[in-house]
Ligand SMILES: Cc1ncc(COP(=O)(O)O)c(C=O)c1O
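Listed next as structure tokens is one chain, alone, in the form predicted on its own.
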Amino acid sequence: MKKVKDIYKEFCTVDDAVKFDFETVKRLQSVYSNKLKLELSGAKYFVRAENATLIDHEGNKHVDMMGAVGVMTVGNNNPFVWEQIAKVWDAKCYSMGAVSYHNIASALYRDLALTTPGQKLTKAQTAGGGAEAIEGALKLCKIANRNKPHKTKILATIGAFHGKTTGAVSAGGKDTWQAYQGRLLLDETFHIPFNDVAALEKELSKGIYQGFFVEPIQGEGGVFVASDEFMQKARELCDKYETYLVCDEIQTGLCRTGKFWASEWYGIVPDIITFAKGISGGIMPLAGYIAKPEVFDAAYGTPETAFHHTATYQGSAYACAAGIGALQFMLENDLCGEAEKKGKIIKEAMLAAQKKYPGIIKEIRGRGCLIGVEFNPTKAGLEDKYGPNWAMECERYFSTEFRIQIMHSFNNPKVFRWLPPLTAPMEDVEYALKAFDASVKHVYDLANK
């Protein structure tokens, strides 16, 4: 058998890749991928990750308070999740589950159903990422309404973020991500202001909407929490006007807010929940949606439509094993309780900093361990140096001086978000909060020179 190096001398094996130095990594990604994206985001090179600890190529420790934007709910490289994946390898399970009976996939579907509000959402479909989960939910709404010709549109909210694929970016409520792509599906989508009950009732009463897509908390939009009235009215009106209520829980689900699903805070049962991010511990690409059986069967319960939404990696054994492991770890380690406890500590420390350094922080929002800090505009005369608001400088100082991973929202750059692993040790959380206090003081001093 030929060696791959005899075929392509410069072929990179995994053995090669794990030994790459930073300059090699930087060169390869700059030449063969999106160089500018990495440069503009201030990307770092981490060579090791464990729970809330990241080690860069120079051996420096960084504290992870971002969790890859909410992915690392059970911590980076959770060993329990890896153990469950290894069991699939040991058993030599058939890895593909899209159009076959499959033990690992079927177990994940059942486990997900157990966690849903009232256990009333019982039909699941997996995907590779959050945007694909949204695409699946959009298609589910459309096909389930195929015999209702008056149902022609999707309702969503201004400021929403549902992903960057064609349908998902159309459902999103930010024209930044819709730019340069033509009309996409925008003619089929209408957006109302978030938390505007009157606008919600006005639109749904038209009876033309297949589904209403809403985030219980607009994460990318700036961590805006849906009001009880808005979500409860959404459930009532969706029932009245026969519109499916789709809760996008890609960022809010899986214990992040202190409930397993954030929609539980409102005492409602959605028709469809989309999930991703924390579902596999960040180890395997896994996402999807889970729906009430009557909704799912309305779409795919006929021979004509049964195959309308299949994909090669649906029900992948390794991804589903990661999902089962992550769910089991969340439940056995009460990560909902951890989210509430740590979220309360983080919020209290931020409120203290807001009071201590007046004029810097405008508002602190969120639930559990999904927290957004909105900063005030930069003092007149300092905008060119520090940007239009204090968020960027606070984030820069926080990250560079204390080596803490945090990120502002691209949809709303005056807000930066905390989404730490729910498993983060308290000493890491406390270190990050002291660093946050010092960072707010830093910008306060700049503003008051």
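Residue numbers run from 1 along the displayed sequence. Model, not experiment: these values are computed from the prediction.
FYI, the form predicted together with the ligand isn't displayed, but the following is about it.
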Contact with the ligand in the predicted complex for Glu220, defined as at least one heavy atom pair within 4.5 Å: yes or no?
yes
If you check in the predicted complex, is Gly130 within 4.5 Å of the ligand, heavy atoms only?
yes
Would Lys277 sit within 4.5 Å of the ligand in the predicted complex, counting heavy atoms only?
yes
Considering non-hydrogen atoms and a 4.5 Å limit, does the ligand approach Gln251 in the predicted complex?
yes
May I ask you to choose, among Gly136, Gly366, Gly163, Gly75, the residue with a heavy atom within 4.5 Å of the ligand in the predicted complex?
Gly163
Among 330-338, 80-88, 309-317, 154-162, which stretch sits within 4.5 Å of the ligand in the predicted complex, heavy atoms only?
154-162
